[in-house]
Ligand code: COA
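Single chain ahead, by itself, as structure tokens, in the form predicted alone.
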Amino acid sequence: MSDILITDDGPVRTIRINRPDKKNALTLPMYDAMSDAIGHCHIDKSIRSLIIAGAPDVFCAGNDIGDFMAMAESGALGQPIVRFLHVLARNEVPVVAAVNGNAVGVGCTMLMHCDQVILGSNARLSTPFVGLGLVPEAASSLLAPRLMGPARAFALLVMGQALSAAEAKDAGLANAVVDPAETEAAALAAARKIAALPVQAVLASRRLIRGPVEEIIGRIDDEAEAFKLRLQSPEARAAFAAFLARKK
């Protein structure tokens, strides 16, 4: 079975991260599959809203550690990752996230690009970048301060302080917290409500709310360059070695 499942229900497309045995950690092919599914919506105009979902007990554990180690060795951030972030930032189809369990690293920062975020009460958001000797990504260094203020953004992105579902909603990162069994139903209801609105009015309003997309793309690229440098740093190498030692 595919690690990324794409299903269409009328005007709503669901992109499901489907690698539960690895806590839905993302590999490079999975990034490409998600990019294709989002990008295709600009060809298939019948899709009027998107849902990004995970498993019942985990949304996404971030980037696959094996890919991270390969990137640390090569000193290059995988192109499928950058492509996915660009596609997500440029996407003009409203996105609803349905999040249960852990949303780690990019599993957390991708939520900042979503228009509605529905969290199960078991959700936990965290970004361990700096603890691994790295820097934030997905334009989170730009978007997180806008959404939650600089102090809370620093605690999340730099200090690595995790947020419970209730804390994430209070910080402005989520719209609703529901029982985990109701997360996807609530996300689908939101996606259907969006899809029923006048398409061009939604598009124009969304552009006004989000502001210039090139600013977001520019920050993604700036972060990617810093990320590449950090992957080669002694701090990152030591952090990854310590992480792997704990896994043994």
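None of the values given here were measured: they were computed from a predicted structure. Residue numbers here begin at 1 and follow the sequence given.
What comes next is about the form predicted in complex with ligand COA, which does not appear here.
Judged against ligand COA in the model of the complex with a 4.5 angstroms heavy atom cut-off, the residues Asp9, His40 and Pro94 are out of contact without exception.
The contact residue chosen from Val104, Val178, Ala174, Leu157 relative to ligand COA in the model of the complex is Val104, the criterion being a non-hydrogen atom within 4.5 angstroms. Just one of Ala139, Met110, Leu132, Met71 comes within 4.5 Å of ligand COA in the model of the complex, counting any heavy atom, and that one is Leu132. Contact check for Pro128: a non-hydrogen atom falls within 4.5 Å of ligand COA in the model of the complex. Within 4.5 Å of any heavy atom of ligand COA in the model of the complex lies no heavy atom of Ser35. Remark: Ile65 counts among the residues lining ligand COA in the model of the complex, judged by a heavy atom distance of 4.5 Å or less.
Contact annotation for Arg237: none of its heavy atoms lies within 4.5 Å of ligand COA in the model of the complex.
Of the candidate stretches 45 to 53, 204 to 212, 22 to 30, 178 to 186, only 22 to 30 has residues with heavy atoms within 4.5 Å of ligand COA in the model of the complex.
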